[in-house]
Structure formats: C-alpha cells, structure tokens
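This document starts with one chain, in the form predicted alone, laid out as structure tokens.
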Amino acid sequence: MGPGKIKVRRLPLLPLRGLLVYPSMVLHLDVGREKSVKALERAMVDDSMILLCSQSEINIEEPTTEDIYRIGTIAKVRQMLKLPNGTIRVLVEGVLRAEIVDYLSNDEYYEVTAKELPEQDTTDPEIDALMRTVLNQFEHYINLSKKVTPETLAAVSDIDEPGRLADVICSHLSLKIKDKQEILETVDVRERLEKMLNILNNEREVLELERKISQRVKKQMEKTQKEYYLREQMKAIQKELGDKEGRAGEADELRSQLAEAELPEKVKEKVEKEIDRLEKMPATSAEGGIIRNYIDWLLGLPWNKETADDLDLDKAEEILNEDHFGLEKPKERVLEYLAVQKLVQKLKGPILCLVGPPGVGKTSIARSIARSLNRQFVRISLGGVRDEAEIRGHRRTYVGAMPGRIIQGMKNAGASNPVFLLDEIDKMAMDFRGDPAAALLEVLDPEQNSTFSDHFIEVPYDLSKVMFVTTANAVHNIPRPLLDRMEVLYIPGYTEIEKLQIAKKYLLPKQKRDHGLQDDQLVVDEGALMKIVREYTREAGVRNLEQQVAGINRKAAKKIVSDPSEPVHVTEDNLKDFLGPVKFKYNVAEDKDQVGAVTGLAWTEVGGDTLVIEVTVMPGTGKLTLTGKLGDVMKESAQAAFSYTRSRADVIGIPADFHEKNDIHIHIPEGAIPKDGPSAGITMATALISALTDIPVSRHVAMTGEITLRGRVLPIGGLKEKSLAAHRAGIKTVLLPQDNEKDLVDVPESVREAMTFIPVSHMDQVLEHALVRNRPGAPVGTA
C-alpha cells in the first residue's frame, strides 16, 4: 500500500548532541541550552510535539542550519522536570520520521516546517525473511556482547513491524551517531533492514576478533604464571636435592674459580661485585651474558702468572745463532738484556724496534728472542689498524664489546711476561675513530705501562714485565712520540757472503724438507747459489732468494718423480734450465775509462746500487738539462756541481765563459726509476769536469758524497749498502766523505779487504783520484 498524503507541519526544533531518537523510542533528555529550553516551552504550549534532530558535531554550542541533520524524529514530550542546576529533564517519545523543509526566522528558538515521513505498510515475504535473519544475527550479537541483556532479545522478538524492528535493534547497538543517522534517514523498510543486517554482521566479526585476542592474552598470562610457578618449584626441589643450576649454580662455579685464581686485591673485589650482580639477574636477562663475559675475561687474564726466564747466556747465544746468520747487533742486545736480568733479577721490559727492509728476518728474530729467553711469544700485526679501540678495547655498553688487541694477546700468552711482537708498527693508519698510534704511547712506555688501562677491562693491567719488540720497514712513518719510547736497532740487509751462507745453511735444507726431497736427491753447488744471489735477485733480505730456491726444488721434485734413480745436480752452467734467463745484470763496471761517465753509488730500500752518471757538452747558449727522473734535491745537487765548476774554471783549466757557449746535459740512466738525494753531488761534478776537460775517469773508481759550492765534500748515509754494491760491481776504489770514515766499521771485513776506501774532504782530492791522463804513464792529477 502506497504512502498517504504527505503532511507538512510547523514545529519547534530541539538539536541533540551525541544521541539520536528513533520513532517509538522513549527516553530522558537533559536540556540546558537556552534556545532548546525555549523550543520545549513552545512545544508544551502547543500540542507537546517537537522535532528532534542530531548535530553532526557534538561540541558545537550554537549550531547553524548546516550543522544539523535534515532528517529527525517528531516526538511527544511526556514529562518535564526542572533540576536544581538549571537544566530541564524531559521524557520524550518518538512518533515518526520527518524531514526539515525550511527554517523559519525565529531568534528565540529554532522553528522549522517539516514534512512527515510515515512508515510503509508491507506484507512482502522477502521482508519477513529479512526480519528473521536480522533477529537471528542480533541473537548472535547478544551472545558475544556483554553490553546487551538477553531480555532485550525477548522484547525485540515481539515486534511485528519491520521498520520498527530495525529502529529498535539499532538503538541497542553501540554505533557512531553517523551510522545511526544513516538508519534513521533510510525511509525504505527493505533497504533499512538490509543495512541493519550489514551492520550486525560487521559488529559480530569485530566482537569475535576481540574475543580471540582476549583469549590469547589470557592464555599467554596463564603460561607465564605457570612457568614462574614451575621455576619456583624447581628451585625448591634443587635446594632440597643440593643441585645447583641456573644463575645460582653459575655464580658458585665462578666463585670457586675466583678462589683458585691469583688475582690482585682490587680485581678480586671487582669480580666479586660482578658475580653478586650476575646472581641477582633473571636467567632470561640479556645483561647476564655481558656480565658473564666480563667476569670470564677478568678471570682468564694472567695477572700474576709468570714463566721463569732461562738466564743461561751461552744457551741463548746458541739458540740465536742456530736460528739466524749475521744480525749481530740485535743478538748482542738480547744477550745484554739477559745479563742485566741475571744481575738485578727484575727489570722493566725493554722496548726494541727492529727497523729494516723486507725479508731480513725482523719477525723471526722476535720469535727467536722468546725461544732464547724461554718465554711465551705473542704476535699481533698492526698493518692497516686505524681504530683506537683495536688497541684499547670497546666500552662494555656497546653490543659485542671486547678488549683490545693487547689484552687479547696477554690472555693468549697465559703469562704476564711474554715476548710481545707488534708487527708492522709503521703501517698503522688513522681516521675518525681515533689514532691507534696515540693509544700505543701508554703501552710502549716502561714508566706508564704498569697501569695500562683497557676500556673493556676497566681495571689497570700491568704490562711492565712484557718484553715488547716492534718491527718497521721505515722509521720516518712512525710518529715521533712513539719512536722516542723505543730503542731502534737497524737491520741493514745482508751482504752477498751472508746471503750465500743463509741459502746454504737455512733456506736450501728447509725447502728440501718442505718439498719432500732427501739430501742426496738434490745437490746445489755453491757457485749456483752465488749466481742466484747476484743475478736472479736484487733485495736487502732473503725472501726472493727463498722463492728462487723453492723454484729449484719444485723443478727437482718433478724430475725425481719422473726418474727416481738419478739425483738432480744444479751447477752454475745449468742454473738457467731451472730458473730461466738471468734477471739482473751483475757486473756494471765500465770496460774502459770513459770521458764524462762516472760510477756513483746509491742507496735503495732493497740495498745499495751503482749508477753511471753521464755528462755531455754541446755547443749552445749555456742551457743545463737534467734527465733520469731526478728528485728536487738531486736537481739542486746538479746545480751546485755546475756552479762549483764555473767558480773553479781557471784552476781546472777550462774557459771561464764555457757556460755561455755550451749546452750541458746530465743524464742518469734507468730513466724510468725515480732518484733523489744529495749523495751524487761529487759524482756529477767529476763527470762535468771530465766532459769539459776531455779527461777520462778511471773505470775502477766509484764515489759518493754531497758537494758544496766551495767544493767541500759532506757526509752521506747508507755507506755499508753502497760499499757492497761497489764490491758487487767489481769496483776497486771507493771515494767517500772524510766524515764517513768512522762508518767503515759496519762494512764487512771481506769487502774492506777486497777494496780501497779513500776518505776525501774536498773536490780537488776527488779529481786527483778519479781523473786519468790519456797519455799512458802520465801522472794522475787535475787538468
């Protein structure tokens, strides 16, 4: 049946905040706003009818027409009661829906014209089915929710009108005003029931989820309580049985370890305090693991454990000689230390710094020192270390914190007086994490290292009994304050004779063992070994030499596997079959005396070398050209030699204006190799004077020395290496600065005997010994 005639009425309006009234609903309202009170009074004067509409926002005090929903409920005011606080409590009963058509101008209260929206009467079986479904869902909702009483279901079940059923159910649900308003605005009954069904479905799902979550939380709580209860029971049972497990057992075990360990008093107190903390911690605490780790470190360090030094000097000397050939100074220093130790019984550990080129045995001599002293040996490499925490450790607050390399090394040694090798101390770097070299200052100072402080350990540790040995390739890379704390021992490199002995006594037997060869299966002649030293290697140490010896052993192993009956014999002649063609030119002395070519001596990181300095004079305008990749110092030496020659032109016997009419070119061969230093000064001056006077230079003479503008010869460094290079090149005479005469002590005796060393203090003496007349039998002298 269709709706009747639409009726429009004039009614006072009461805006509602935070609630909504459906038709057929009876409820109390408290009215406090002035306009609302006046609207009520007006309604009471007329027929007690008033329009109730909800506000879209609850906190608007003075709503405009925009803030009030258009559709509301016409209600009858049943009762009015003034409360002591000035508000009015009214009982209203919803009658039917209505829609605001227009607002009338009224300043005292809201007055509107509203059209009624009556319910549709329908007898559609689909609506009956919808009603049943809605009731069914509402029943499920009541079962899940504790907010609606079961009696409500009985009251709702008696309602026959479908629209009213939807309204009543909606009024019992705790929904937002917006959702309730949507049901109120749905005039079509079928649509209203369908919406209601959707809302009930959603609410039921939310309630089911809530229930699941609460059950899970409850289970979790029950489980935790159960675990706690069982743990307490277990503790009680263990106590009765006398068993010790968990934190209590762990603490007891640590205490027994502490009683056995010989710790200083302060450390003992610290460990006891930490054990007490550990005992009070719950078993699941992550902090417990950190404390346990800290206690283990404190107990594991050798605080008072020492190894007894073997102070037998003869035995120590024997061990050092057995392990190394040569290296007299480091060996002597170790024996001195032993002798002093024997006399005073207690000595602060010295700090030795072994400086020398690669492969001379710096690391292995430290190992031999430990063996000769009968001490533990610890080695750490500082190459590439650039974090201060590597030395000092991390604070315990960091995740994965651990002590620094020094403390780790001490724990590994298991004694408080090991020989501690800090390898490659010149290779340390520095970045934003701090300077590890600065952290080493405390470690390598005998006055300070008795109270070395590690960030992780926190308790001062005594390093004064440790014998520190450091190694470096170059002194200039070690920071000055660090170098100042160490006693530097230079290991300059080996002579050819020493290398031959090392190859014969150490390298060859070792490589035979490593390659599984018997002594009689491979024989290497001494001449062949010397040829390897001279023509297949160029180094200060013996690392390359060992590689070449290993190469011979590999080839020999292959031959022996093919034919075991025939031993392998390596001679000077068949050496190239094993190692290939010669790699370095050995004898570089000139075949005959040359004009403008002089043999100079140079120092390199791999030992000494000879350089032939060539000078040529050409007609020109006085231009001086220098080639051979020379450094700034060497270029300046050439300028000084040139200026000296100009200043002495009349004495030497050359035209005073030679520099204006000639171009001079000074070249040092092996042009690709950078060269620098002042020690070729006298060599360049001699070559220049020889070229200008056309007098040859003796091929048997080599020289080294810095020149001044007045012709004085100044001292140079690396005399031992330079002398060995001259000897290797077949030079008979070496001219050296007078001030370097004292350094001849370092030159091996065999070299001193084979060559003549002439100290010179002025350039005139150099020319006297170096220049020769073209005429046979002419006296040597300046031109």
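Fair warning: this is a prediction, and the values are worked out from it, not measured in the lab. Heads up: residue numbers just count along the shown sequence, starting at 1.
Another form exists, predicted in complex with a small molecule; not displayed. Remarks below refer to it.
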Of the candidate stretches 358-366, 336-344, 185-193, 148-156, the one with residues having heavy atoms within 4.5 Å of the small molecule in the predicted bound form is 358-366
Test of understanding: in the predicted bound form, would Y494 fall inside 4.5 Å of the small molecule by heavy atoms? yes
Please tell me whether any heavy atom belonging to K510 falls inside 4.5 Å of a heavy atom of the small molecule, as the geometry stands in the predicted bound form. yes
Check whether W303 has any heavy atom within 4.5 Å of a heavy atom of the small molecule in the predicted bound form, and answer yes or no. no
Does E272 reach the small molecule in the predicted bound form if we count a contact as any heavy atom within 4.5 Å? no
The one option of D310, E706, E546, E442 with any heavy atom within 4.5 Å of the small molecule in the predicted bound form is E546
Find the only residue in A437, I319, A114, I502 having a heavy atom within 4.5 Å of the small molecule in the predicted bound form. I502
